[in-house]
Each structure stands twice: as C-alpha cells, then as structure tokens.
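As structure tokens, one chain now follows by itself in the form predicted on its own.
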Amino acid sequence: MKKIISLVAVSALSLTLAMGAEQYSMSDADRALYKEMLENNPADIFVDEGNELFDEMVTEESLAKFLGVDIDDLPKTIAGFPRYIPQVDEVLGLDQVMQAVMYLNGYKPFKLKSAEMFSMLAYAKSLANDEPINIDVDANEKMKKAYALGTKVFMMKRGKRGLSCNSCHSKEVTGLILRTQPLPDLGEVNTAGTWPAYRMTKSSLRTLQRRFQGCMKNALLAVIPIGSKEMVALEVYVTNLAKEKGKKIAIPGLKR
C-alpha cells in the first residue's frame, strides 16, 4: 500500500511540475528586484554583524588552533566543511565547531538556530570565498558513514506524500518549475557554496540547514533538527555534489 501511495504522490508531483513549467519562474518585478539586490546584497549587513561577533568570541587564531591548522590554511580548511573533528570523534558543521571554540574562549555558545549564529556562520564561511570546495567524503570511516547517511536521507521517501529530497532534485525533474521556481541541480547551482544566503521571500539570512528545514516543511515531512547527525550528513552529501562540479565558496548568497 505504501508503495502505491508513493507512486501516486510522485505522479502527482510530476504533473504539477509539468503544468508549472508553462509559467514564468519569476515576475518582471521580482527579476528587477533580484538584479538590484545582486549589486547590494542585504546579507552583507548580517555578514558585518557576524564579523563583529566572530572577532570577539571566536577569532581566526582560536579557530585555526582548534582545527590544528596554520592560520594561512584556515580558508582552505573552512572550504572542506562539514569535516571530521578528532576532539569529539564526529563529523561536524562549521557552526558546531564555532560553538566549541566559543565555549573554550569563555563564552556561552549561540544556539545553532539563532540569528547570531547564522550571521557568524556567514562571516566565517566568507573567509573561504573563492576557495574550491574540497570536502573529502573518503577521509576516514566517520566521513564515509556521514556521506552514506546523507545519501540515505536525501533519497529516503517520507511523509504521507512519499517525497524525498531527490523527488525535486533528480535528473528527471531538474529544470521544471514548482511554486514559480525552477528545480535546480544542487551541485550545478552550487547550493552548498552559496549558503548562508539572504532569502528575498523571507527577508532574512538563512543557512543551508535552515533551508533544508524549509523544504521539509513545505513537503509536509517531519523536520530534522539543525545540527543533528542526519542534518549534518545531508549537508555532507549536498556539499560533495558541489565539489564534483568544481564549485567554489561564494558567501553570502542571494536567493529568491
């Protein structure tokens, strides 16, 4: 029965996408606003705020020391997140590592879903701008397991509609339009390298994992917590897609 429901859901999604493909993906007004914001990205304000917080509570020196790298190698190291962190024997996102550094520096860490952490993550990741994404999913067994879990989460059909991340981002539907937006190849559009980003429709800065949550909510799926093993693994999977396309870090992004 579940298999039948899943097939019906996918068929309904395909029909919706086919009908949506006949519509414009963005109005002329939205297109003009997007072009204007490309020149003056509102996210720059949040990045500046993140810079102040980072310099006070983290610092490049402390982050490099925690990661065991020279400060000159910090940008390249940041471009490899999520990555295995020996101190905790886990694969972590950059925001989780900054939480640890904040604690070691005597500060109460920001929550991963806080606006302060979003801004600080945007700044920290911007330190790696123009660096090629170099995540290594074969670095060790922990990274291999994280990639495998991320693949599973991406492909897993959940909820009453039987949808998965892959339902909207497989080769079969890429380029079709859903809710006025073309469905992208996540590697080709450099999803991992362009978040945190300013979302025009939300008028706020969002991170990649927060965007994942938005997708899950729209698809009526149970929302996976930010920073959970599953969510970090999903970021690992999507980041590797960008690496395979030879993409670079470009923060902050601008999204509709």
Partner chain sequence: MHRNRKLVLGLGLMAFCITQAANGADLKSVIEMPDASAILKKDRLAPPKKYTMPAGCITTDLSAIARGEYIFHNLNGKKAKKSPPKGLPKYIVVNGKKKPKQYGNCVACHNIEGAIGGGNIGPDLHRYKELFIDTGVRSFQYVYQHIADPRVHNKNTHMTVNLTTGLFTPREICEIASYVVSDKKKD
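Everything quoted here is computed from the prediction, not taken from an experiment. Residue numbers count along the first chain shown, from 1.
Another form, the form predicted in complex with the partner chain, is not on view; read the next lines as being about it.
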Check your understanding: Is residue 123 one of the residues lying within 4.5 Å of the partner chain in the predicted complex, judged by heavy atom distances?
Key -> no
**Asked** Using 4.5 Å between non-hydrogen atoms, is residue 226 touching the partner chain in the predicted complex?
**Response** yes
Would residue 66 count as a contact of the partner chain in the predicted complex, using a 4.5 angstroms cut-off between non-hydrogen atoms?
yes
Quiz prompt | Partner proximity in the predicted complex: residue 71 to the partner chain, non-hydrogen atom cutoff 4.5 Å | solution = no
Exactly one of 127, 100, 137, 186 comes within 4.5 Å of the partner chain in the predicted complex through a heavy atom, and that residue is 100
Candidate spot 86, 111 and 221, all three touching the partner chain in the predicted complex (heavy atom, 4.5 Å): yes
Those residues of 134-165 with a non-hydrogen atom no more than 4.5 Å from the partner chain in the predicted complex are 136, 153, 156, 157, 158, 159, 160, 161, 162, 163
